[in-house]
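Take a look at this single chain in structure tokens; it is the form predicted alone.
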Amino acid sequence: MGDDAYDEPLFFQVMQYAARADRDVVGMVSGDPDWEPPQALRDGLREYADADSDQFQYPPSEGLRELRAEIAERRNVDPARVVVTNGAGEANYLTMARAMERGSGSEFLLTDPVYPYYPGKATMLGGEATKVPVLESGDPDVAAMREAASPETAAILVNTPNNPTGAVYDRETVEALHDVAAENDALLLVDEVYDHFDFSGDFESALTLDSDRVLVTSGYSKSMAITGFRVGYAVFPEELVPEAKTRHMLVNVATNRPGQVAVLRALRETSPDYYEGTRDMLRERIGSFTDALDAAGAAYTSPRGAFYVLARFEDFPGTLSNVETLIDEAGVAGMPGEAFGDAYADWIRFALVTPRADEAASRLADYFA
């Protein structure tokens, strides 16, 4: 599958195929959490519904002041560095645009496998995407990244905890990637949207490097189970903020106000127990799902973070055609490995964000038995 395949990611194509199937299908394609959001988030929405009408108007383009201050305190940065965005997706777009606008190259170094929207954004911005295969552990191959980097490299873009491998990069790895970026006058862009889903204890934000080459993105779609709210943010070095705010304003005007109000209340009032409870539930799902993959004779990744499992079935590569066959004949919908690059093209990715994960695992075990 060539780069053109990233022009229109396959997520919706697979979901639409599953929706048209003539049988019951367990959907494990997209990372839409199935668990409850924090109660405080619902409370914030109810409170907002009764607010004065002036609170229904445009918010500050860069985000509500109180929300930016809350994010900044949690991230130990100045609020002036925070831009609230329409999900982590826009945050990534803004950071990639800033990398291009510096005039120091137009190439993005990505891992292989990679979340498909990254190379899609690179192409949309007029840049090039170079994918570097990861190590067997799922961690970036820093030596290979260093070899691939050049004066044409605008940024190294990574995601930790990682979708789709489940790898969690330790501080030494992130610091080494930063050094590669610095050696080539490039930026290091780190998408940390799965930061609440670290099962290893090894995750440490790239912001702790305290470098003017580090840009970090995140959001609340996954951690609060609110993918439809589209509230994310980016943390920029101060000198890169003005142009990012301008682009955000020209493209979106602002981020939705009700979502920001609700997220702010949830941040202030939600106990750490909420997030730990979610991690415990996912640990159980991952364990039972991979047990069933053992029964199916599959190879698989054991995620140290996020909530995806990559599986490889003998003589059944992860092509779109085979994914459609699984939908039709096993009643399970996953994502073809070829959608994420070449390194795991023989694998299929399953998102463990359904209460029917055990049922899906049983179906796969029966199908491949």
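Numbers for residues come from their place in the sequence shown, where the first is 1. As the structure is a prediction and not an experimental result, all values here were calculated from the model.
Same protein, other form: the form predicted in complex with another copy of the chain, not shown, and the subject of what follows.
Trainee: Heavy atoms within 4.5 Å of another copy of the chain in the predicted complex: which stretch among 136-144, 203-211, 255-263, 285-293?
Mentor: Selected range: 255-263.
Trainee: So, in the predicted complex, is residue 40 in contact with another copy of the chain at a 4.5 angstroms heavy atom limit?
Mentor: No.
Trainee: Report whether the minimum heavy atom distance between residue 66 and another copy of the chain in the predicted complex is within 4.5 Å.
Mentor: Residue 66: no, not in contact with another copy of the chain in the predicted complex.
Trainee: Is residue 90 close to another copy of the chain in the predicted complex, meaning a heavy atom pair under 4.5 Å apart or at it?
Mentor: Yes, residue 90 sits close enough to another copy of the chain in the predicted complex that at least one of its heavy atoms falls within 4.5 Å.
Trainee: Answer with yes or no whether residue 229 is in contact with another copy of the chain in the predicted complex, where contact means some heavy atom within 4.5 Å.
Mentor: Result yes; residue 229 sits at the interface with another copy of the chain in the predicted complex.
Trainee: Just one of 182, 251, 299, 80 has a heavy atom within 4.5 angstroms of another copy of the chain in the predicted complex, so which one?
Mentor: Contact with another copy of the chain in the predicted complex is made by 251 alone.
Trainee: Just give me the single entry in 320, 343, 45, 330 that has a non-hydrogen atom within 4.5 angstroms of another copy of the chain in the predicted complex.
Mentor: Of the candidates 320, 343, 45, 330, 45 is the one lying within 4.5 Å of another copy of the chain in the predicted complex.
Trainee: Suppose contact means any heavy atom within 4.5 Å; which members of 345-359 contact another copy of the chain in the predicted complex?
Mentor: Heavy-atom contacts within 4.5 Å come from no residue here.
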